[in-house]
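First comes one chain, alone, set out as structure tokens in the form predicted alone.
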Amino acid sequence: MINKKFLIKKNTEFKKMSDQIKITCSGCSLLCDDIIIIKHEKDIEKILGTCLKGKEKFNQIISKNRILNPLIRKNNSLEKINWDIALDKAVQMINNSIKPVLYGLSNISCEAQLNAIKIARKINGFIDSNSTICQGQVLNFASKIGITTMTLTDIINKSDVIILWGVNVVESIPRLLSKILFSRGKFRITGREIKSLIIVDIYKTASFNVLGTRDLALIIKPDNDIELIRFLKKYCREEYKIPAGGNSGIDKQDLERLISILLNSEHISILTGQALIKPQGEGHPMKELLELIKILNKYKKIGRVSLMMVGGHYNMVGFEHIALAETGKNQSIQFRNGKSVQTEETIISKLQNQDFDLSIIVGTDPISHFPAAISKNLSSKPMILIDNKKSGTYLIADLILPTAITGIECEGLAFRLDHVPIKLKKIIDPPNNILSDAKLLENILMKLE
């Protein structure tokens, strides 16, 4: 016979030893807050609910790619040093610099971003985030044109149409569609059955596999986004004949259907990505899209159209908020005499013109991502890298300062892709008593004072 008292005792003991905790994942900008981990004493035993990006984030804890000690480059090889020497060397490199630049900052907490801005102010440096080549440009246009935004909750509860324009969310933000397209909301209780999906892209991506019979797939010619947007702007304001041959590679029938949806749907959510960031011809498609949304919201009889930028880095939006609050600018900030000054420079122009003598790279890998000529300029000057994993930038940095993984080994604030602030929790202790990005930057700042 099974002893019930024994079973109760064993289950109680297991419960004491293993805890089930609900956490937020910092694998991407979606910041999923429904991840479950099973923690046994001080270790994570199991993770439930993550996508591949989230799994990769947690795998970083024990990855061979992990940086566990401060390193300094001597005779073209890296040597371990202690933290006192590492911080002193960082301060020495900064003090010897006249034109320092700080870059990255989209994969760290808001607290760390604030400390980085304080350092840039203290040393009269130039600071820029990954958003300067991504969604930061959208906010620049929005400051002049205006922007109608929405949260994920708005999309879930209200949207009857979701448009993916130049963004492959299935691979870049894997769980996004499961949340906004397949979820049932307050006013859309039938979920996927009532919501229509439109995808506008130059080729079929993995996201097209989600399309159903009611949805609309629009394959346009490369660099023709701006032409299509301008056509829609004109048609929505006045009677305008649709050409028999269509526009931008889209046939007349699909154009008529697209226009009907834009003018008659209740709540349209447009999600865009990198495809609309670069200029096309003499114009900028993102600027034109913001103008189109403004026109649609003026002429639509019901509902509204909203826009959301889909950035990849988990706290890219956070830097925009912190920088705006501290300096009045969301990117490309130059300090002189402790004050931010007007400049047309970006991190790209700074590196192209070699207008710097030291780079402090935080939580990113520009050597792998920038064009070869720019990476060559970046590698020609002294560099401090602050990161938790090895990368192309790691291979050429002069001083490397490792950090804890935010949302796993330390806490911090981050902003979700829809500009909603989310608190990330600490789950386990970092190895080797490694500091958080925020604390490390704070220590550097204190030594500079």
Partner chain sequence: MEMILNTIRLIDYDQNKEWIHNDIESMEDNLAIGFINPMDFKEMYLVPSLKLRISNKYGDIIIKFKQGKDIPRGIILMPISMWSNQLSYVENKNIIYKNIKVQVEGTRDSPTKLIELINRIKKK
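Positions refer to the first chain, counted from 1. Not measured: the values here are computed from a predicted model.
The same protein also exists as the form predicted in complex with the partner chain; that form is not shown, yet it is the one meant from here on.
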Partner-facing stretch of 170 to 178, 242 to 250, 94 to 102, 295 to 303, counted where any non-hydrogen atom is within 4.5 angstroms of the partner chain in the predicted complex = 170 to 178
Would the partner chain in the predicted complex be within 4.5 angstroms of a non-hydrogen atom of every residue among Ser29, Thr151 and Met286?
-> no
Determine whether any heavy atom of Lys122 comes within 4.5 Å of a heavy atom of the partner chain in the predicted complex, and answer yes or no.
-> no
Would Ile374 count as touching the partner chain in the predicted complex under a 4.5 Å heavy atom rule?
-> yes
Does the partner chain get within 4.5 angstroms of any non-hydrogen atom of Asp160 in the predicted complex?
-> no
Answer yes if any heavy atom of Ile198 is within 4.5 Å of a heavy atom of the partner chain in the predicted complex; otherwise answer no.
-> no
Of the residues Ile367, Leu255, Ile333, Leu218, which one places a heavy atom within 4.5 Å of the partner chain in the predicted complex?
-> Ile367
Across 388 to 422, which residues bring a heavy atom to within 4.5 Å of the partner chain in the predicted complex?
-> Lys389, Lys390, Ser391, Gly392, Leu395, Ile396
